[in-house]
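Heads up, what comes next is one protein chain in two forms, each shown on its own as structure tokens, labelled structure 1 and structure 2.
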Structure 1
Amino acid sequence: MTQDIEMKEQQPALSNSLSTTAPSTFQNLKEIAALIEVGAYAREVRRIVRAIRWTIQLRRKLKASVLSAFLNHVLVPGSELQSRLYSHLPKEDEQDMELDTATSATQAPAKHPLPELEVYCCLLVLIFLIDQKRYSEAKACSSASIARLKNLNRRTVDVLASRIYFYYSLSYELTGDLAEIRGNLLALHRTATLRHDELGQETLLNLLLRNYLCYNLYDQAEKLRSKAPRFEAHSNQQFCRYLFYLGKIRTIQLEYTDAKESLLQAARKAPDAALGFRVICNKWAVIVRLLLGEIPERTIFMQKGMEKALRPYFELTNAVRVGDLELFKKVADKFSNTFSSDRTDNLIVRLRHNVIRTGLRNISISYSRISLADVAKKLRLDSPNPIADAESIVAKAIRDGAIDATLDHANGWMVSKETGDIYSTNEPQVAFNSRIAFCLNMHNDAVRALRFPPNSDKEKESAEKRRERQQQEQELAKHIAEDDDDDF
């Protein structure tokens, strides 16, 4: 109980120092290092997580001079780690040095720095190198950091290690050498599983799935995902990434219903700051819904900050909704570069059949009887024998239940049946049940996402035991006082 009270008192002080009083970046890093040290000694992972969160806020303020002063303050001078990290930092003029760096030299550094602080220093330098677009040096720094992490088996290091894993994969991806580290990522995932490092398993599983999907190895990605150990998600960001990769795998495997649920859930759970991630999730979700025969709402394309990015998919949706095959080809050719960069061009090819089926459905609703030649003309089929193709397309649509019509082969007609009242069927009830199921699933997910402080039951029991002990002590003191009065 006392530790929680102290933690709550320290939190606003440090958060205020980052926002209101605005001290130097070096002073903020020293406070974060002190927080990591307290978390390492107390074995409280929450403090390490808070330190990572504050580091992200200081990311844009990191400079080589500040990092050099911080390394000199935390690490042992002349050590192998300090010299290696110093080699990655550029030498700047003394004018760029902050005022606090002059006082840092007078402070005695720690003789035996904690492994958490060493890993944190590696993480800071790695983030700085990636932000400076020095990817080759970032690769070398991340590889050395991974080698250092293999010898550490501490639960307080797991949070920092997961960030190192992410930037390790990112540095190799930015240089186009992502396939080189696939074996290392598999070995790290095996080690994290043996050490019961669930956060590391989440991060490494997502990195491996991304590694496979970058090279279109969807079968290997599905085998790894299906055989990886299952547990409750510890990080919302990693869970969103997992849902997105799962949606991509399901889309390629033609499991559009499951893919739609995964992609929409990933876009809904993603934080508002992750605009790019939500954009790519919505792009894939739009394609999947079109493949399912659904037409996305206009509000999806009008979300704040997404109008320009989703414009090609809005025009594509409009072409599919109208059922105009020629308009669909124009949109596909106009935004071919965008679809290729989003890696959805192979899915656009699948949409051609949906465009034809939508146009055929509109024709069957508009005409009670129409010749196959007119059907081919309205669908704008550009094949050598459009009438025969139209006949096969109509026959397949009738067999699949897309349209309610019959074929008159003798006269070459498509005869549509009269449409009945949909409210006399079970369709409204099915749609209503699906909406209720969706709301219930969302409520259950929200309840599962609730988090409580660890060991809350133990703390409650210890408080009750403490009250009982104090009560017993008071009764004992009263009994002793009564005995003293009797003796007097």
Structure 2
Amino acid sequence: MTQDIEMKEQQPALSNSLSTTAPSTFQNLKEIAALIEVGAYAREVRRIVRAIRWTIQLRRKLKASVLSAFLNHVLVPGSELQSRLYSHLPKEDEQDMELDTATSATQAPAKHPLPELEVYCCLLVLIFLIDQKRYSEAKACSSASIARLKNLNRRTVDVLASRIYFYYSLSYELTGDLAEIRGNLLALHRTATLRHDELGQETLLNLLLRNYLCYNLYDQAEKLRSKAPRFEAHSNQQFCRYLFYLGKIRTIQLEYTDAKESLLQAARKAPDAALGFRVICNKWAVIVRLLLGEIPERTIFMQKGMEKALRPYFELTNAVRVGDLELFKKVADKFSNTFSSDRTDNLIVRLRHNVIRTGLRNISISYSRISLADVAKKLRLDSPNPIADAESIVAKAIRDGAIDATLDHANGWMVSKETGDIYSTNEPQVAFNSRIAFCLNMHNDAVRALRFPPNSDKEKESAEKRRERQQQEQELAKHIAEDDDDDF
């Protein structure tokens, strides 16, 4: 789904080819630990975020020996946590490890390690276990870590905790027991909300949505989503996921316009590396657009690295565009496996109606008058009473505004109306307005999304300068007030 999974797939091949240099990885880990320590003391969440990003880069180089050396270095040897984490590591390269233990035992800090570092070690072991595909151990390890996290209430732990939540859910998902942890996740979400841990809330809400959607529990997912507190997104990845789940829920509940917006936004915002995620977003977006009666552009299907995965959807689009029921059925049958594994098969069933509509629209544009028998033939309606069916289908299309025509029952005709001059209506003005509004919104969002580092130079501002500035501000305020007076 996300870049994390993508990375994992490449991982086995890479770990063989990369000649891992244990000391440098160990050195890197030590640097990360130092970074976390600084972050924890200075209460700078930013540093911890950087530490995690760095860890993910190191991920492929993680080895049991390096890890155990690191655990020895950071944690108090013989402590409960250390021995527990230690038990998860394989003992294959015994020699190597002993060497490391020997060297690091001397420099092991005697003091009690920071909670941040403890949590970080849990995370590291957890990632390692998942990469080694030892999921049941990962489950045990993550559950124990979660139990420990419950007692920690520090803002600097939040970032690490949110990653642990993620891997916790992932390890259960990989073994197919996602339903088991739903209660736990809900409890964690509640705790995160009470602690104002927004990143944790964001992550857990997504995990919960994923959990529900995994079992097609759209109703529960929507109820949770609509009631959970919302705030400005902290992490782009989490926000993308949220948008994707939101898009899925809205699609199922037939709110296609909103669904399209969320799905397209999710696809656009996702990082380039998350190819799998972008592909699935595009798949859903294509279907939603088809359901809306739009025909997605060809370029969507030609995006780099997606051609093959989007092929079934391309053919489907083609069938809808032509408005041919036969062809549509053929495509749906041909790729039924793909559609059911993407869990879009129910949506495809809904599309049948759109195929008919498009066909009807084509007919209405090409003929000024056509008999209903011919309409039925052209649409290839296979029913015992095609003419009556065609008549009521056309009637409904007229009422829904899909075509502009009238029916003549006595003669069995459909008479298309002349298309009027659209520029004599307000239509162009409305379209113009919606486009401008879109551009302006985009700009405003972009401005709002800009991030500024905490203003470090302002603190250095001397007392004199500050006074000067305040004075200026006051004058300005006075001016504005005067202006206001003039206005009224």
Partner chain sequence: MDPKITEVSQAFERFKAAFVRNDFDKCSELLSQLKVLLTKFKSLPPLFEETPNAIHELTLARDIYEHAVVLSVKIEDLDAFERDFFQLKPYYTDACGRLPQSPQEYLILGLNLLRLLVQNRIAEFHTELELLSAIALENPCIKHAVELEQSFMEGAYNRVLSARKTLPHETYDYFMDLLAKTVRDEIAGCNEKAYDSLSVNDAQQILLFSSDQELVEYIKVEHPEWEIKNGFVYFKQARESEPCKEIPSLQLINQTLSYARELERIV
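Just so we're on the same page, rigid core means the largest C-alpha set that superposes within 1.5 Å between forms. None of these values were measured; they are calculated from a predicted model. Counting starts at 1 with the first residue of structure 1 and goes up one by one along its sequence.
As summarised for this chain, the first structure is the form predicted on its own, and the second is not.
After superposing the rigid core, the C-alpha of Gln57 moves by less than 2 Å between structures 1 and 2. For Gln472, the CA shift between structures 1 and 2 after superposing the rigid core equals 21.7 Å. Aligning the rigid core leaves the CA of Asn433 displaced by 2.4 Å between structures 1 and 2.
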